[in-house]
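Given next, in structure tokens, is a single chain: the form predicted on its own.
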Amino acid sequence: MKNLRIVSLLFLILLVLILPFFFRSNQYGMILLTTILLYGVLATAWNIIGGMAGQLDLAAGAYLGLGAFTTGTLLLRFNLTPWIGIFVGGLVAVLFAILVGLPLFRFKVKEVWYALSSSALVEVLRIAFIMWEKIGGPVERYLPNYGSALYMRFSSYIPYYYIMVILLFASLFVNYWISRSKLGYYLIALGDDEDAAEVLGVNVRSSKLKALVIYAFIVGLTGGVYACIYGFIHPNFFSSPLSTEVAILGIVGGMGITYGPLVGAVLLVSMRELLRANLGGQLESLYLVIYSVVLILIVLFRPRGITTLLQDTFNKLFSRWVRNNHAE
């Protein structure tokens, strides 16, 4: 069983690495793959605070926007390469997360109140950056296209695809490492029953803050790449719908499962984009109806996430294969 899992994992990694060779002349295919990976990174990062710690965080748009604006502003004003700017953007997102997380966790804001508080932060930042014309403003600020890898501006989406692959592998590794560390056990305990975990000696505030910081850094880092992909920065990067969708992908994919949010992103984001591409021009917004129906069906019949269905199917097929081999 273990060997089969390792072979399957290696096959999936190889498939991810060679996919661009099949879409080299298809720019739409490449931007679709890159978008799926981007949401996969965001949802995998969300799994740390949402899936493990059980905090319904809706502030992904805030951290992504801060990372994008930091990276873009450093490039526009100081000609600083985004290869450095994205890490600065991640640190800015971390500082904001600490500033927000300390009072929220200090006063034990949780569940729906935490969700509402984190969601409000996205809109507050969007309005603030619209009014802050020196950095933001109501119009797009286009990043210079020097045609150089030094400035993370490419004529093809293939380099962005591989950058997202690296971020995704890093996010999955961080998830895997945390889930098997003392912090991971603390977070899972908090997600199950926060009061009981606190009685047993878990430092609730410290554990939540660590999870929030790691999540914010990954999302902020991704935000810098996001700005380079689209070639501009705008306050609409502080997006409440994006924050909500990231949480949905984490929940539907499978909360607390290392690769669960990635599975949710692959299935749902690809379905959303394909529906929008094929139906958007003919029946505007019909894809949203179909997308919503699919989400409702998943919540009703697989509340633990799509990944559990895939796991059960894999185990059944493997067991059947083992029985057939023994019978022979």
Partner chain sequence: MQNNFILQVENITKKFGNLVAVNNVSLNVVQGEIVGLIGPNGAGKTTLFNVISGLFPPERGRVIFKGKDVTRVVPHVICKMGMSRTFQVTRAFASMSVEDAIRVGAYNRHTNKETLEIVNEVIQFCDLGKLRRRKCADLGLAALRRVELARALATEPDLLLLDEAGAGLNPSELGNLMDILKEVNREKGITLFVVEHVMQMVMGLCQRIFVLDAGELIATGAPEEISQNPRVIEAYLGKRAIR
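Because the structure is predicted, anything quoted here is derived from the model rather than measured. Residue numbers count along the first chain shown, from 1.
Missing here is the form predicted in complex with its partner chain; even so, the following discussion is about that form.
K.L.:
Is Val199 close to its partner chain in the model of the complex, meaning a heavy atom pair under 4.5 Å apart or at it?
P.N.:
Although its partner chain is absent here, Val199 would touch it in the model of the complex, with heavy atoms inside 4.5 Å.
K.L.:
Evaluate Arg24 for contact with its partner chain in the model of the complex, applying a 4.5 angstroms cut-off between non-hydrogen atoms, and reply yes or no.
P.N.:
Looking in the model of the complex, residue contacts with its partner chain do not include Arg24, since no heavy atom lies within 4.5 Å.
K.L.:
How about Tyr162 - does it come within 4.5 Å of its partner chain in the model of the complex, if we only consider non-hydrogen atoms?
P.N.:
Looking in the model of the complex, residue contacts with its partner chain do not include Tyr162, since no heavy atom lies within 4.5 Å.
K.L.:
Is Ala189 a contact residue for its partner chain in the model of the complex, using a 4.5 Å heavy atom cut-off?
P.N.:
Taking the distances in the model of the complex, the answer for Ala189 is yes, it comes within 4.5 Å of its partner chain.
K.L.:
Counting only non-hydrogen atoms, which stretch in 82-90, 69-77, 211-219, 178-186 is within 4.5 Å of its partner chain in the model of the complex?
P.N.:
Careful reading of the contacts points to 178-186.
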